[in-house]
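First come two forms of one protein chain, each written alone as structure tokens, so that there is a structure 1 and a structure 2.
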Structure 1
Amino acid sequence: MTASTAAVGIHGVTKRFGEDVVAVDDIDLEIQDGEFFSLLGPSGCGKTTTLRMIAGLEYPTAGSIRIFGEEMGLRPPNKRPINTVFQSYALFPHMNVEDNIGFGLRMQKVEKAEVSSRVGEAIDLVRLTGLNSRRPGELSGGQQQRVALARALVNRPKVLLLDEPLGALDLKLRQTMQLELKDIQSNVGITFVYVTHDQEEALTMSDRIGVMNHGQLVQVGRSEDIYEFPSNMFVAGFVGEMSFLPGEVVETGSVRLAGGEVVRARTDSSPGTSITLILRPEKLHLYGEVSEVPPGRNVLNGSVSRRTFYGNSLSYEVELGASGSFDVQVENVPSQTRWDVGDKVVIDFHHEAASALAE
């Protein structure tokens, strides 16, 4: 996709604060029209600063930001075809739902009949029908979030920016709103650019994810690819649970771990290359004896050092001696054998479930 057709085009953008702080470091990114795109990373990685530059709340020190091919330059926020939803919602406490949602339209001198029609559509879209006359203080956190979303969408922006809008909600409501947000985005069909430090949010909702660290965009890809094929150790450790085992490539597709075990893994590194084997806990299985393992699988011997119950799953920490230790998650089904701390076990995994990243 070219810069002229991308919903958001970020080219060579750097943002400095003073002489010493580089918040965003020479990033390039194109976000497609109608895409739900998430910027994911830890606090201080530059994701919110990037969002604020798209919004016009900050200006780049260097580089270009385009929206549908149009250079934004120093254009102020109210002159950009975007709207932003913040974590705080920023609702007017003295206004009811209808007045909060229609505020921007009234400021634009939109005719009263059209304001009423568009506000009604927005209320239906975010499932607030029947709550028109309530004030923010009479709404739940999730309902307030919907009002803020409707207020942004009613202006029909080309791009909607969302800065951790679910951060103030409790876990159960946050998980529900993740699905609702994705449904709303699919229905309206506009580009959503979503900032979060929560990997589950990003993986659940996004068409693509851009992972940021220290002001740099370290990997961009589909949710599945970011999770299954991390490009480096930071992404592997930040997105989902991961186990890390040091080793060395002995031949194409084979790795010798620190404890001497040789396993098959995905790697294109040359023999002799120092690598780290990365394993997702849910891709591993536990057995009591090697004879129980299906043929053609990798096996590692160890002993259970910790067991944690999570309701729908069990997590085991298995000590591998010289090779280190890592977690294994096992579905909690009645027929599943349960091991106690100290039990000897065998870990089994397919070679496609193991990636070897060069150090």
Structure 2
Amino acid sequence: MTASTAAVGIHGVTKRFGEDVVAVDDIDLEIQDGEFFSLLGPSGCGKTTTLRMIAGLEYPTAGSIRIFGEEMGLRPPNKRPINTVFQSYALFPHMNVEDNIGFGLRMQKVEKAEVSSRVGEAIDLVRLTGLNSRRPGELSGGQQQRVALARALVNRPKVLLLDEPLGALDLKLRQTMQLELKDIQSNVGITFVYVTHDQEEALTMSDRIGVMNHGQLVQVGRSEDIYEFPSNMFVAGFVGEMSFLPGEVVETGSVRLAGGEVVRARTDSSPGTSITLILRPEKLHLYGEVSEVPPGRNVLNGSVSRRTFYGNSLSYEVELGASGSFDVQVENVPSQTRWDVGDKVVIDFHHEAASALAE
């Protein structure tokens, strides 16, 4: 796929509100046709503003936004081949389900017969059959969410924007809807741009993720790459659980921790550089004796300072003395030893599981 056919092309886009608020700071991004792309970041990071600029609900202060190569400029939202699923759903309270879903088609002056057949299809697609004449106020949160989705999809937009659409739902329903959304996306084949602050949601659903912080796009990549190889401290801390140990690079592939221990890790900085070693809690293992550790692994000695029970897993906080402390997550299975606070333990990890990030 060449750059000119990107579904959404964002080039040098900046959005200022007033004099000194920079909501979006010079971002470049290309989202490919048929992709499920998530913009992930904490609240206030500029992800919603970016989405609103694609929709035409805000105009960029600088830069260009293209949809399939076509410059959007100051084109109003009603003239863009894009639809949005709003965070609060924004269903029209004075219209029933059918009229809500058919609104976009009626505004485009689509023939009546076609409107009703397409609305019918959309209602079936989101499994709301039989609720045609209900008002939004008479629907549950999950049903309202489906109406919002159908109302956008029925227009067959080239790009569908979703602004934290599952934020108002409870956990179980949210998980069901995540899978359902992903299914719908692969069925209709429309490019989805999904805004969320929930890293798990982004990882579950997206083909690619763009992580944003303070108005900047700090990393873009496939979900797995974002998780496995965060390119900076912010992404490392924001996506998933992570432990941080300060240290410095000894030589390529070797790092000295603050307490003097030398371990092997992934590095790309030159020797002598101050780095932070990042470790995922689930990639560490605990043993009672050094002799139990498989050969060729990194080994550190520490003691358990806290134990937290999560049901399907347990988390131990392990003190390393001068080098700091980190978390180890252990599956709750019978073969695993349970450690208590104060136990001396040996931590083992593969050198691929640890990365050294420059400050």
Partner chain sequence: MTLTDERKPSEEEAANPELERGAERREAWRGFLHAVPAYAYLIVFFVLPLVIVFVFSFASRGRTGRPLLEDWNVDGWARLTDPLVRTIVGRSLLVAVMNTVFCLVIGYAFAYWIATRRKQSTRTLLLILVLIPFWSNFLVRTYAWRMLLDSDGYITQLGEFTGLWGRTLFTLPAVFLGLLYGYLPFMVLPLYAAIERIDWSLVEAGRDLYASGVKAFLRITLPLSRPGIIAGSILVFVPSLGAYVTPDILGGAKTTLLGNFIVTQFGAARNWPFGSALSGAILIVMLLATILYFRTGGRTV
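All figures in this text were calculated on a predicted structure; none of them were measured in a lab. In this text, the rigid core denotes the largest set of C-alpha atoms whose superposition between the two forms falls within 1.5 Å. Please note that residue numbering is based on structure 1, beginning with 1 at the start of its sequence.
Structure 1 derives from the form predicted on its own, whereas structure 2 comes from the other one. Regarding the hinge between rigid parts between structures 1 and 2, the matching entry from 244, 232, 141, 156 is 156. A rotation of 12° separates the smaller rigid part from the larger between structures 1 and 2 once C-alpha atoms are superposed. The shift recorded for the CA atom of residue 95 between structures 1 and 2 is 4.1 Å, with superposition on the rigid core. Lined up on the core, residue 137 has its CA atom moved by 3.8 Å between structures 1 and 2.
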